[in-house]
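The chain below stands alone and is given as structure tokens, in the form predicted alone.
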Amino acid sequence: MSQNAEKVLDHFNLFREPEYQEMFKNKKEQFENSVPPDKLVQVREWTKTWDYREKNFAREALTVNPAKACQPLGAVFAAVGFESTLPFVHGSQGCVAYYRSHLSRHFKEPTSCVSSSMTEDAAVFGGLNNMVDGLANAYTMYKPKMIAVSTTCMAEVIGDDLNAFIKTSKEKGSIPEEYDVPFAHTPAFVGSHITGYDNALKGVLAHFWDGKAGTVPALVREPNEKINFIGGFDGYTVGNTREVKRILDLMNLEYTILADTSDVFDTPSDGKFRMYDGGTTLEDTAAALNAKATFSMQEYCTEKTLPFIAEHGQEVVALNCPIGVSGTDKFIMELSRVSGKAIPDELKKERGRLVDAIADSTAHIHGKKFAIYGDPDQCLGLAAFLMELGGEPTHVLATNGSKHWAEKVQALFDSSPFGKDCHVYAGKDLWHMRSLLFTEPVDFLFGNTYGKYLERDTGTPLIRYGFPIFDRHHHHRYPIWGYQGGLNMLVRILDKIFDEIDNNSNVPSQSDYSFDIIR
């Protein structure tokens, strides 16, 4: 073998060695039931046609590579945004390992979360004992200020009652009677991670505002001038939340960030392990009831939470990922309207700088066609920004998008000539996107790490955007919201465009007449 202690090869080179190539060849011939190469080519080429696209879009009972994750992932994300809070997922240990690894691989940070470790016996007889023992262990070992409970498929299929189980656990002495244990049912077989985020956040607010599951009187609202802010399930939470705080501070506003995950996913390396870091304090969470208004930066991440807040007497403002000039304009003007505060000159200057940058570069984006997939709000915000730049968001797809979302995207298309030949696809998956890219090609694709397979298959250059991004580092540290975030997105788009121009004009004496040092 070519691998030895004196010469350690990484997988990039190791699997290209002759013995590995022979191993792969034998595996394919003996175990994979492969078809003849010419038949493989024939079917592959057929899957690129309009005929196949029609059959692909006609399927109903099969999903292939959905662009979404499951509810408990979003619930875990929301839970870690509260001070010293430990997410507790009532279900199997393997599911929780997936949520932790998914978040850790994106943010490059450890993600704390525990499970009730349900197995076959709990699936038959119920998971009450798992809950009783699990809460006791979590409370004793990890000493959180709050434990936020959610569920997986197993617990939901058998109908475990979280409220009753938590009460029983307190009666048995697993945790103190007065200890905060908000909960949310988050069945993974319906909805998506944004649904789980919404359910979990609503569960936390209901716990503090409505009397902690009936154990204390509900809070009485005492209105003040503060504003609550909800970021939603956001892969850029570190950069975005800090940018929003900066904007709110510039406007001299009093505010509370609900489910603030900006610190826990960006802890320093200074010799101290922080199992919990930052987050919205429990006192501020309870006091958020008294705020004048609540802003959600992602409407479709808070479809249950915002009506709940409105029922408690607050004005609610729902946005759709304010990227670029018009999106940020709406955000800041709504802040000014609700608070009565003037927009500071510093923000006006930032707006002018973004407009200037767009004017410098729009010629390189004008008329380019883009495909976008991801979460509903992120697709909507990015599509609006691309049209602002003169681009055409030809295909916009959200597996977890609703009919209401699709209508909103279509209204955006109808508002501009750049949306004339654009189409929206709610509830479709990445195999649908593959058909779209082959039959109606675009210049660039926006999406998460999984889009690299579409890039390889269809030849459409990928601009990484959304969640998760596993194969690039530190995107989450840079904002995409606000005028500064719009500038970051503009640079990212332009870099990819210029890279493609260079890649397509670098053959000496053939195409290098466009291999310029000035763009």
Partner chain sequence: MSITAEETREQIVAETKTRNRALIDEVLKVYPEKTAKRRAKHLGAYEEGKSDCGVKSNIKSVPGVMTIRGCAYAGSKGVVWGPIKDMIHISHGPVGCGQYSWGSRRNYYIGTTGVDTFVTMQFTSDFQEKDIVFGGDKKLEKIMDEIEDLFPLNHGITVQSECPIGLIGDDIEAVSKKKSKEFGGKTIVPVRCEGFRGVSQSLGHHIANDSIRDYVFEKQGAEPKVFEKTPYDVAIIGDYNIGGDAWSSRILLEEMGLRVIAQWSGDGSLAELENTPMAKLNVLHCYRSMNYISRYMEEKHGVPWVEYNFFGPSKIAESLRTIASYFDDHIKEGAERVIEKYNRLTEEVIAKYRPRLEGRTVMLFVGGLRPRHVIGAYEDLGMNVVGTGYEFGHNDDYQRTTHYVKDGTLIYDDVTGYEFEKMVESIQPDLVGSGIKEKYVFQKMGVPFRQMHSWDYSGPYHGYDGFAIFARDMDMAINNPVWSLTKTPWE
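Numbering follows the first chain given and starts at 1. Since this is a predicted model, take the numbers as computed values, not measurements.
Although it is not shown, the form predicted in complex with the partner chain is what the next lines describe.
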>> Can you tell me whether Ala188 touches the partner chain? I mean in the predicted bound form, with a 4.5 angstroms heavy atom cut-off.
In response: yes
>> Although the partner isn't part of this model, could you tell me whether His102 comes within 4.5 Å of the partner chain in the predicted bound form, counting any heavy atom of the residue?
In response: yes
>> in the predicted bound form, does Gly94 come within 4.5 Å of the partner chain, counting heavy atoms only?
In response: yes
> Is the gap between Glu346 and the partner chain in the predicted bound form 4.5 Å or less for some heavy atom pair?
Replying inline: no
> Though the partner chain is not shown, can you say which of Ala164, Val216, Ala411, Met141 has a heavy atom within 4.5 Å of it in the predicted bound form?
Replying inline: Met141
>> Between Pro182, Gly374, Gly279, Gly134, only one gets a heavy atom within 4.5 angstroms of the partner chain in the predicted bound form; which residue is that?
In response: Gly134
> Among 383 to 391, 416 to 424, 121 to 129, 321 to 329, which stretch has residues whose heavy atoms lie within 4.5 Å of the partner chain in the predicted bound form?
Replying inline: 121 to 129
> Which residues within 354 to 392 place at least one heavy atom within 4.5 Å of the partner chain in the predicted bound form?
Replying inline: none
